[in-house]
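Shown below, as C-alpha cells, is a lone chain in the form predicted alone; questions about how it binds or moves come after it.
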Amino acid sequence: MSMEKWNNIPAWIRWPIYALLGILLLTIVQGVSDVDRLTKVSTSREMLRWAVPIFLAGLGGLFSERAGVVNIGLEGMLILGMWFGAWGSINYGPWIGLLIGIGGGAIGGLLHAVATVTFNVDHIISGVAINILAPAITRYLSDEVWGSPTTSPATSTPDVYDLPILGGGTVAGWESPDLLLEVTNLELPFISDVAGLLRGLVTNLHFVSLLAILLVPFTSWLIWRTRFGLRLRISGENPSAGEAQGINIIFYKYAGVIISGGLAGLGGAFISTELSGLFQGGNSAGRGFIGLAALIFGNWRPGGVLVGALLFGYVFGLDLKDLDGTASHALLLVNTVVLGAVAIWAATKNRVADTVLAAILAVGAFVWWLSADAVPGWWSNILPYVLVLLVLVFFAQRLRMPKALGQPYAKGGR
C-alpha cells in the first residue's frame, strides 16, 4: 500500500494499528531483554494517571493556539486548578472541587487573554509571568487558608470504577466477568500483552480519565464540524479575513484562551483530588510544560495530543515501577528499532542528513543497551523531551501550526 493511500485511511483506524504495532515491538523487546514490566497492567494504569493531566493541559493549549494565542502559561493555570480544586474538594466535595478547579484555571486563562488580546503583551512574556505568579499566589493562599504554604489537608476523592465485562466490577449487584484478566492469565504471546495493557486502562478508572478520552471525539467535532470551531480556527489562521466576514475575532480569542485555562485547571484539579489526594507545591511535576510538548507532537490535533500524552505518560508510569532501571534499559532497544525505522524512512525520501543522524542515534542506543544492564533515573525523566526534539528534527515539515499563531491582533487591523 502506498503512503498516500495509507494516509487516506481514517485516523481512528490508523492509530489502533500503530498501537498494536507498538505493543508487538514491546512484546519482542520483553522477550529479548527478559523483563516483564513493559506490558504490565500496573504500567498502563500509571501511564493513564500521568497522561490525563498532560492531555488536558495539551488540549487546553490546542484551543488557545487554534485561536492564535501562544499559551506557555499552561503550567501556571494547571497549578491554579490544583489549588482551587483542592480547596473546593475540601469544602464542598470532590465533584464541586473539580468544577472550582476548572474555574481557577479559567481565571488564569482570562488573565492571559487580557494581557495578550486586549493589551497586545508578548504571548511568551505573559505566559512566563503566569507561570511565575501561580506558584506564588497558591503559596500565599495556602498559608492564609491552611496555615501551611505548601500543603493542604487531605481532599475528598471520587470513587474509581471498573468497566463491566472488560474489567470486572459489580453492576446493580451483578458480578461482571473480567475478560481481559482471563486473557492476560493465558500468557499468550502478544495477545496477553495487549489484554494486560488494555486492562490497566479499564480498571480503577477515574471519572476524569473517562471524560478526557471522550473529549477527543468531542473536540474534533467541535473544532472541525461546527460554526464555533470554524471561527476559532479563522482567528488563528487569518484573523483579518475573519473580521472582514463580520466575525468577532477578539471574542473567539478570549473564548479559546479561557477554555484553555479551564481545561488546564481541570487537569490540576485531577492531580489534587484524584491522584495525590491533597494540594502540595511541586505536585504538578511540569505536566503543563509536557502538555505543550504533547501539543506539538500531536500537530495541534486532539487525537495526536492524546497519543503524545500517552507516550509521555508511559515513560513516567514505567519509571515509577522500575526500581532497578531494567525496564527503562529495555526501552533503549525500542529506541534502536524506532530510530532505525526512521533512518530507513528518511533514506526513501532522499533526506541524507536525517538518514545519517537517525542511524547514528540508533547505533548509539544499541551500543548503550549492549554495554549496560540498567539506565540511570534521569534518562526516563528526559526521554519525553528527547522524543519531542526528535519529532521536531525528523518530522518538522509535517507539522503545521496555525499561521497567525503568536501574531498581535488589533480590531480593524490597527
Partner chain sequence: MRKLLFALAAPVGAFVLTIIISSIALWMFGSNPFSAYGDMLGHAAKLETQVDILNRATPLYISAVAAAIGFRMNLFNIGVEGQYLFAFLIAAQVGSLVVLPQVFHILLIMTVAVLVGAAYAGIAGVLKVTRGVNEVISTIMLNAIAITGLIALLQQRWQADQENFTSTTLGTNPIPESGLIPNINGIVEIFTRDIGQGKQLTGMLIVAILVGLAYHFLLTRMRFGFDLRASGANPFAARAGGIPPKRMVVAAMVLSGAAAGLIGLVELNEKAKFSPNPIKGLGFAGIAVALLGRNNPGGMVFAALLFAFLDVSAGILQNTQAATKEIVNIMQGIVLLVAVIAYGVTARIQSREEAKATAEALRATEGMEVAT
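From a predicted model like this one, the values you see are computed outputs, not experimental measurements. Numbering follows the first chain given and starts at 1.
Note that the form predicted in complex with its partner chain isn't included here; everything after this is about it.
Chemist: Scan Ile344, Ala129, Leu188, Leu99 and let me know which has any heavy atom within 4.5 Å of its partner chain in the predicted complex.
Modeler: In short, Ala129.
Chemist: In the predicted complex, which of the listed residues (Thr118, Ser176, Ser220, Thr151) lies with a heavy atom within 4.5 Å of its partner chain?
Modeler: Checked against the cut-off, the match is Thr118.
Chemist: If you check in the predicted complex, do Ile124, Ala136 and Val388 all have a non-hydrogen atom within 4.5 Å of its partner chain?
Modeler: Every residue of the candidate spot has a heavy atom within 4.5 Å of its partner chain in the predicted complex.
Chemist: Which one of these stretches, 155-163, 206-214, 138-146, 329-337, sits within 4.5 Å of its partner chain in the predicted complex when only heavy atoms are counted?
Modeler: Only one stretch passes the 4.5 Å heavy-atom test: 138-146.
Chemist: Should Glu46 be classed as touching its partner chain in the predicted complex when contacts are defined as heavy atoms within 4.5 Å?
Modeler: Looking in the predicted complex, residue contacts with its partner chain do not include Glu46, since no heavy atom lies within 4.5 Å.
Chemist: Contact between Leu21 and its partner chain in the predicted complex at 4.5 Å, heavy atoms?
Modeler: The answer is no: Leu21 has no heavy atom within 4.5 Å of its partner chain.
Chemist: Given that the partner is absent here, does Leu370 sit within 4.5 Å of its partner chain in the predicted complex, heavy atoms only?
Modeler: Flag for Leu370 set to no.
Chemist: Does Asn381 reach its partner chain in the predicted complex, with heavy atoms at most 4.5 Å apart?
Modeler: Yes, Asn381 sits close enough to its partner chain in the predicted complex that at least one of its heavy atoms falls within 4.5 Å.
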